[in-house]
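Before any questions on how it binds or moves, here is one chain, the form predicted on its own, in structure tokens.
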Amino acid sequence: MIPLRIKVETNADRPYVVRLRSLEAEAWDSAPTLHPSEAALKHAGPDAADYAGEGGRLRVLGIDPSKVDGDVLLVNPSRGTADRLIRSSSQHNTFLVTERCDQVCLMCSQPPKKHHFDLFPYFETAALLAPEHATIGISGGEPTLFKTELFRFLQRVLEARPDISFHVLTNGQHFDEEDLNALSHIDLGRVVWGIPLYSSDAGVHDEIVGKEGAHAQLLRNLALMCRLGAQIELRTVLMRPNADGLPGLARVIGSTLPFIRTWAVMQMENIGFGRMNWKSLFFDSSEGFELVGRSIDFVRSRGIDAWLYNFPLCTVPPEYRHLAPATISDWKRAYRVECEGCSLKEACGGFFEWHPRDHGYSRLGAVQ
């Protein structure tokens, strides 16, 4: 698994953000002027690499400098660690802005915590140092619990970097009329809001998210976002409690939510609450794909894009595989023994690193 947190040594006394640059030793003296938030490689040894910049000296331990060239780090001197906020070679960079949440979803992969540390200033610096045309994810917890800070962050970064965009995961519970002014100052054409809707049945949705009235509030806020012209990616995690209702949800989406940009039907992640509830929640889509296929077909027939996220390609009928992109982030993607020799492996998103050996799929194996 690709490490997102690495060991470092630094002479700084407080956290800071830095972008690493690897320069050949002989090019050091003639190197272009560094950005104030950059550090350039001065020496690389077998166990560590030394960098220097305006922020001081930094030693990165246990990783080849070529693996972190161009990466943007949040350095925590007191812990002797650095989080790779932006990996320059990756398309899967996400800022975890909070671990607090007001819902307790049955399959949550990031169970909520009570504490919160405001890292928005660090995230802003990191976003401004991102590679050209990057798409940066915003996740939690629930980011809109701190929507004043979030909206200000989006506005500032989008104004300063007209080439980048954001994908914000939110439960959609906290938008209201008072947000219209703040949102009107954000370039919403470069923000996609990933919002979950698990069922057309309010009772089923509310039970899944652990919050009474959540379904009704979500529908009101989807209408509000529609008025703003926001780009919405509706997300439905496929589980036993909502699988039978998937065609009904598709009909509701096609008839009453035609303004959404995308509908994503997603397979579960076996971590957090998802691991605790795996046996009661996991739906074997390799055996019951007819429900999924029928639902996807209906929504697409209404002119709405529909996709399959986190589905191993061998579990998807051939005629639907083009709708199942490799969506699992590279740092947590893995392949099983069953994947050996598969002709689809290069295009397949595989499994989450923590997917159980007893994977739950009855039909799984290499496609020749």
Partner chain sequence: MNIWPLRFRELSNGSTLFADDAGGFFRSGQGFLSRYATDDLTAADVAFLREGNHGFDCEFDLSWTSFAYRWARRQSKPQNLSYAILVPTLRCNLTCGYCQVSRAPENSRGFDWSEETLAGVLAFLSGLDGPDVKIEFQGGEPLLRIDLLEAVRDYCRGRFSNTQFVVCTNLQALDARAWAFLDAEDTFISTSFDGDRTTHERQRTHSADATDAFFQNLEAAVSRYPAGKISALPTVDVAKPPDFHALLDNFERYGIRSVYLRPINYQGFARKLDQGDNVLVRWNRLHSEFIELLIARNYQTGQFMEEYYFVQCLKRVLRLDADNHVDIRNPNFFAADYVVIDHDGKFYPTDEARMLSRIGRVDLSIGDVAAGIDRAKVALLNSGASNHFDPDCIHCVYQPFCGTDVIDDISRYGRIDVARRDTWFCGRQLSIFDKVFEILYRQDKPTRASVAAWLGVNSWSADMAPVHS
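Numbering follows the first chain given and starts at 1. Everything numeric here is computed off the predicted structure, so don't read it as measured data.
Just so you know, the form predicted in complex with the partner chain exists too; it's not on screen, but the next bit is about it.
Site annotation in the predicted bound form: the residue of Ile136, Leu169, Leu183, Leu257 reaching within 4.5 Å of the partner chain with a heavy atom is Leu257. The single contact residue among Glu54, Glu340, Asp47, Glu319, judged by any heavy atom lying within 4.5 Å of the partner chain in the predicted bound form, is Glu319.
Note on the interface: of 294 to 302, 75 to 83, 146 to 154, 102 to 110, the segment with non-hydrogen atoms within 4.5 angstroms of the partner chain in the predicted bound form is 294 to 302. Three-residue candidate spot Leu219, Ala223 and Cys226; every residue lies within 4.5 angstroms of the partner chain in the predicted bound form by at least one non-hydrogen atom. In the predicted bound form, the partner chain lies farther than 4.5 Å from every heavy atom of Arg240. The partner chain is not drawn, but in the predicted bound form it has a heavy atom within 4.5 Å of Val252.
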